[in-house]
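Shown next as structure tokens: one chain only, the form predicted alone.
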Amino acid sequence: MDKLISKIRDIPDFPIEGIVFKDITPLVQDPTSLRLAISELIKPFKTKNITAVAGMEARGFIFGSLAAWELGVGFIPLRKPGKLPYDVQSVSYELEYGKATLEAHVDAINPGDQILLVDDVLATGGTAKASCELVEKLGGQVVACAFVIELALLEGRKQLENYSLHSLVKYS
């Protein structure tokens, strides 16, 4: 994973003072690193009965849609309010620096669908937990949550104790 680590840059004091943002832009700009990240993200799930991948706005769209493509399944966008044109379900949650809401179309998930949840970073776990709740509210089952980066010091895993987790790069 050293190749991936070398493509993740720190941006201090973003989006607010005291936060060190892990910027994946250099990683997604490099095709070799991007392929490696997607390959490693989906490796544990290739033999699972995944029926769709869900990704959180916005960076989860990058990794989630590519993971869905590689697994040969559809992609479900979990969006910020007001972005989806059809009937939606929503879940609100706390972030480490504010509040947020995620929405998905009511028909995005069929009862019993086996969903792999994908995002770029697991921090405090609020977004991932809300995403799991939204998937389940729509009738799906979360098979696992996969992240490119895990900020272990923020203990996001505690929010997701009932789910299988997979992360590629862990920062302590």
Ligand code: AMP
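Model, not experiment: these values are computed from the prediction. Residue indices: 1-based, along the sequence shown.
Missing here is the form predicted in complex with this ligand; even so, the following discussion is about that form.
- Only one of the listed residues (39, 114, 124, 65) places a non-hydrogen atom within 4.5 angstroms of this ligand in the predicted bound form, and that residue is 124.
- Residues with any non-hydrogen atom within 4.5 angstroms of this ligand in the predicted bound form fall in just one of 137-145, 66-74, 29-37, 116-124: 116-124.
- The shortest heavy atom separation between residue 16 and this ligand in the predicted bound form exceeds 4.5 Å.
- Using a 4.5 angstroms threshold between heavy atoms, residue 153 stays clear of this ligand in the predicted bound form.
- Contact between residue 163 and this ligand in the predicted bound form is not found at the 4.5 Å heavy atom cutoff.
- In the predicted bound form, just one residue of 33-71 lies within 4.5 Å of this ligand by at least one heavy atom: 59.
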